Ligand code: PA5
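First, one chain by itself in structure tokens, the form predicted alone.
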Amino acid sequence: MNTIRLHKEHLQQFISAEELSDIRKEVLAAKQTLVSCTGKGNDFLGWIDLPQDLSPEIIKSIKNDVSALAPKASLFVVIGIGGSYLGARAVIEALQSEFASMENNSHPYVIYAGHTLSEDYYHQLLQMLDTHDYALAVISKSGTTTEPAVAFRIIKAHLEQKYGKSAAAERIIAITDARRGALHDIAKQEGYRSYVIPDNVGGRFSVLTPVGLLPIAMAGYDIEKLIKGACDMREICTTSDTLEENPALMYAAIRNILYRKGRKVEILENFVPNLKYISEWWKQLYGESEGKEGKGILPHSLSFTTDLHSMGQYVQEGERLMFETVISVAQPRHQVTIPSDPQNLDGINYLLGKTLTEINHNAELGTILAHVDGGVPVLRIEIPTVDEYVLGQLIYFFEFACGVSGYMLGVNPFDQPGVEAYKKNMFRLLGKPGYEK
């Protein structure tokens, strides 16, 4: 199987073989707690078997909705926040051209709302929607989360004014709770197409439900390949008890060893910019899952080589509080070589005929060697290429490792009680009934 691989050769001076051996029993115990559904938050473990249990009828329905809506829309607005949009955006932006636009596109161009309260953002968004045909998906279990609720109210009013109430309803898809909640009730009342967010799948683990699959399919990508990649990684993660053969267990082990040695920050890095939103999704996944009870590794991300010219100095010589995890892409989807220049005023003729991938890989290795010499542990995750199948693997790998790592940390990886603190203050300041002083 063409699968992702972990490379830990640059960790040798930071983690010994004895330390990996000593933590093995703890890792396997955490894995057993996860797969047996006996730990904290076990009512939110539907994602473990989700790739293989996903109904073929759901896939067929998603494809039918794409076929019905795509010809009517050059734009598709995804309204959601956190896990309701980050997973889809991560996959879409990993696969699409860096210079994709709504013009000359065979599928609707996906844009995002509900993740900000910026007035300028919505003013500019509405200006764009004035001049383009569009449809939307609104994603929320409750329908009352402030940011997406505000966005949906604004955009729904625009859609109805533009197309009329009945025609607008045909352009709206709701992804929400099966039985209750404001969005569920609105969708039923207005007759929207709708999909269910499973009760036992939390938002940050929901990319392989309609929450992620519908927008990804609307953007023109193969969700069946994505699911197949996740299924194959699930088989490895759930059946293998060997750290060397189970990358999720090895990743969880390494993270926890380094954390206990005072490495409180993990920097997820890539050397190809289209993986930026993979990092954003990963930050939510690990930040919300582990950041509790005064514990947890702070997830951070950098895009190299760009950020080497801004944050590289700190990583190289700043406080030794971090470790790095590099997502390394073995094969790009395209090839560009360095052309000849007889004058060679820029002094780079020594690169003549080399591909940018060859140069980039050497920049990656050079960076790793420099940072290791500077006292920073570096783990490398090698993915064969960037396609739907590999991204499905990567998503499931990170999810499973997160569950194991969270249980090793001693927290409930599947709740997020701290998220409510800012909301209570915001509601009080805005005068929401029931939140007065």
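These numbers were taken from a predicted model, which means no experiment stands behind them. Quick note: we count residues from 1 along the sequence shown, nothing fancier.
This protein has a second form, the form predicted together with this ligand, left out of what is shown; the following refers to that one.
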Heavy atom of each of Gly83, Ser142 and Glu288 within 4.5 Å of this ligand in the predicted bound form: yes
Among the candidates Arg171, Arg89, Arg204, Arg255, the residue which, in the predicted bound form, approaches this ligand to within 4.5 Å (heavy atoms): Arg204
One residue of Gln284, Thr367, Asn274, Asn105 in contact with this ligand, assessed in the predicted bound form (non-hydrogen atom, 4.5 angstroms): Gln284
Interface stretch in the predicted bound form with this ligand - options 133 to 141, 355 to 363, 324 to 332, 215 to 223, non-hydrogen atom within 4.5 Å: 133 to 141
